[in-house]
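Two forms, one protein chain; structure tokens for each follow separately as structure 1 and structure 2.
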Structure 1
Amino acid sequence: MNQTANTYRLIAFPMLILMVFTLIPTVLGMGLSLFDWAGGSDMPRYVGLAHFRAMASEETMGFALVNTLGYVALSVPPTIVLAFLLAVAVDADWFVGRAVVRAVIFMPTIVSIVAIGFVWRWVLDDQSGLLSSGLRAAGVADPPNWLIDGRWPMLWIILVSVWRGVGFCLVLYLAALASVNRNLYEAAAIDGASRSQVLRYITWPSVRPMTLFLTITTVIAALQVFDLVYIMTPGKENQYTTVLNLYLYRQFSDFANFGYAAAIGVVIFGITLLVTAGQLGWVRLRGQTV
């Protein structure tokens, strides 16, 4: 009895923090999505599902949804696959300088994403940026404006996101690789298995739980993308770079359309919930665990 009481006391404070800063704001946001409110002294006006019906026919919302899902599809798989391959290489017995390489690859993960965004914005600046200056020096007369023209900004945002996320995934993969039974590799060497066969039939299946965990968590994080897009396209987002969270922010800060912004938040929450439930259902269907 005392042990049970102590357990509840132990989790009481974290549960209170979770409720105050996560659960209550989420419920209030869902409620606000049913109202039209510009803030200030205006009273919220109940509009029901009008915001959601408006979203279904709004062009910018469609762009934001497609861009967000495209960002998830193009950034998550390369991050995980690249991290896995790098982890296998770094974990190999023949690899020299393992600690240094691991630290260098992991470093972008601990650097503020705001700082990373500003650095890459300078690198990709069309006038004085490192890339454009280098291309002009190499004879390219008119390089594109990497952060404004067409699909270039989203392409660079995805590349920077992959570059930043690989380090975190690599460290977790290294931890997973450390638990792989080395006898399996010795048996494969005796049987004459090639490196690709060892990678495919021993290493990859052995770290599958970590892959599933990374897939679920990175997909959730990718669906929340905002800061990198906001910093690298300061006020100049186009139809290819407007993502859901950025569109929510514009509705909230630029147009004081709080009810509509809350409705977008509900859509993001619903998509995240749906995608996560789908992934967990797929994992359970295959009889695996995360």
Structure 2
Amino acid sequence: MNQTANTYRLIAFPMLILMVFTLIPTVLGMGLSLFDWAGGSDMPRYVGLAHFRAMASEETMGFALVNTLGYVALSVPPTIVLAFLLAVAVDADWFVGRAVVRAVIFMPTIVSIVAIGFVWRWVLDDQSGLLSSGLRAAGVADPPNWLIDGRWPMLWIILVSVWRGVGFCLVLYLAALASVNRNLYEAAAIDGASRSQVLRYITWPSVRPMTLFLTITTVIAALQVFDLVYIMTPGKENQYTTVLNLYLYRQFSDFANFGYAAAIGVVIFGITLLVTAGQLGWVRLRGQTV
């Protein structure tokens, strides 16, 4: 029928794009993790699970795994907790300047992560950066080289990611707080609950679905961290800063090791699924016992 043909005309192009650039590449990419392939005219060679076995004994992969999980564990909780506390403060009806504060704290979210990482590199520059020269002026003779020395770079990457991520979570928390039942607060006031009791027993449980949502999405994004590390340690990532996605990119781009890169991608995907399922399961478990 003509009607149906017209309908297909509406969806044909979008479906084609999704098929060609996402669905088919995913299936092929998963399969590729079982092959050796340098790309181009080179023929893929089946190697079975060899890439995954190689990973298990490879030092860099170990660093990348530890650094990625460490990054997730140290960046996500502060982001969420800070955003919650700031949201509660800004949401109070006696707070002055809510719109301005919300906009300013949100601002880093819209700025390209490349520019963010870059501006921070200048702040942290060991010669004339704001931090080091400030410390020297304050009498600290020899501040560390923040983006080179030992664990400092990863620490700063984590701080910058918290700094950038708070605004986004804050905005969503504000939306969640707006829908909390105000009667609960009044009932608590009548019962003589203290401010911290209200925060703990009413506000925090009321926004729990949002917290779950933010935790899951932030964790997924953090497991895939790439840009910030790439830009803050350009070409010099070390055992403390290599993360899974960056290692994958090096295998792809520097070594044309397509099969191995695909296998790392599968590992990242697997971890993401596991962690997400774990979080959901944990919440369900607690939901039954609390």
Partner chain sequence: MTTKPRLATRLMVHAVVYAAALTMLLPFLWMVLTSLKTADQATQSPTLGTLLPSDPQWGNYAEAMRSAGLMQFYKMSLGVAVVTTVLAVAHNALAGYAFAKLRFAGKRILFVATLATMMLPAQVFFLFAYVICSRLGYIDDFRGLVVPFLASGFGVFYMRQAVAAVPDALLEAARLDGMADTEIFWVIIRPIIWPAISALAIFTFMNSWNSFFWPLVIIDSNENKTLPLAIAELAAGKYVQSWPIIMAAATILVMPLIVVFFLAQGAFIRGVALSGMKE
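Throughout, residue numbering runs from 1 along the sequence of structure 1. Only the largest set of C-alpha atoms that superpose within 1.5 Å between the two forms is called the rigid core. A quick note: this is a predicted structure, and the numbers were derived from the prediction, not measured.
Between the two displayed forms of this chain, it is structure 2 that matches the form predicted together with its partner chain. Superposed on the core, the two forms differ at Pro14: its CA moves 2 Å or more between structure 1 and structure 2.
On rigid-core superposition between structure 1 and structure 2, the C-alpha of Leu23 is found to move 2.3 angstrom.
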